[in-house]
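Shown here is one chain on its own, the form predicted alone, set out as structure tokens.
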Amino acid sequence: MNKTRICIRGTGSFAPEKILSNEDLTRMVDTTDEWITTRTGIRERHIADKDTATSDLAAAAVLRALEAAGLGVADIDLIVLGTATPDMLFPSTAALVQAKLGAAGAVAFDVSAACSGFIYAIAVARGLIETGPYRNAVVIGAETLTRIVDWDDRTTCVLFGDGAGAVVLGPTDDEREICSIELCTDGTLSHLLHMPAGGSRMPASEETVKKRLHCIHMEGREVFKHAVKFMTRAMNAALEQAGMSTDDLDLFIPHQANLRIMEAVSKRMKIPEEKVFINVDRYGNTSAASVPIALDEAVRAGRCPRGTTVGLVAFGGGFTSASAVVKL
């Protein structure tokens, strides 16, 4: 029996209107535009206002993806959302998105895999379409990371931004297809990138707030080293699974965490610069939203005509890594 083939039918993204530039940051923390740009490649990032939550960004991205796919809200059977910054611990942010959209018939839940969350969510949604009664799935990566940064820590506050990206998945009988997906986790390294407080291990208290334990804590040098290794390994594994090599990729979209990381991964894999899509300079690291925002921008910029083979790869806290080979 032939397995149902699944493809990306439409893409969408959304970012808050407010932009925080490197120059703005120099008035908030001891840093310079040159220091940030040289080390990260980031020049600005989008910041959600106090009345905007992750679900708001996600819902806006979904509507754009549905429009691109030629579908309506009533066509959605499944909503899977990857995020590290949910509106609240429960209910799921996906459930809140379902309510905002009015997608009453859709099953909705979150996936937690930090920056790899979007590709993990694609893997889950693809499997449910292949084996279950679902036909049209919305997969989202959405974050409001600026809510959990320590604005006095110049090594981390300059890195992150807010935004959301979404895709519509569905069965296909043409050349479009999700060819392969590779997922990996190494929990022994979780201490290198995490938010210590706010869960059952360290519930919120006056002390945890004073010590800023509800903010992102990261060992930058170690994360950089592992990110390059994990992303390279994951992308090579997805290519091997698809029976392809880097030469078969028309476009490479790595997680937009840091320009140096992306350059190191591309160099290791011998992917030429012109095939690498980069928008980290305008968004910063948007975690699970990073890959779908970049994918949507690439599609809308005309970088992905029908038949384009795209490599997607991400790395995040956990440590998690994920990759996919997709024909658009």
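What you are looking at is a predicted structure, and each value in this text was computed from that prediction instead of being measured. Numbers for residues come from their place in the sequence shown, where the first is 1.
Although it is not shown, the form predicted together with ligand ACO is what the next lines describe.
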Non-hydrogen atom contact Ala257 with ligand ACO in the model of the complex at 4.5 angstroms: yes
Touches ligand ACO in the model of the complex: Ser266 (any heavy atom, 4.5 Å): no
Partner proximity in the model of the complex: Cys115 to ligand ACO, non-hydrogen atom cutoff 4.5 Å: yes
is_contact(Gly72, ligand ACO) in the model of the complex, heavy atom dist at most 4.5 Å: no
Three-residue site Arg154, Phe160 and Phe315 fully in contact with ligand ACO in the model of the complex at 4.5 Å by heavy atom: yes
Stretch from 294-302, 273-281, 58-66, 33-41 whose residues place a heavy atom within 4.5 Å of ligand ACO in the model of the complex: 33-41
Single option in Pro133, Gly220, Gly105, Gly127 placed near ligand ACO in the model of the complex, where near means a heavy atom within 4.5 Å: Gly220
Interface residue in the model of the complex among Val80, Ala234, Leu251, Leu193, criterion: non-hydrogen atom within 4.5 angstroms of ligand ACO: Leu193
Partner contacts for 276-297, taking ligand ACO in the model of the complex and a 4.5 Å heavy atom cut-off: Asn285
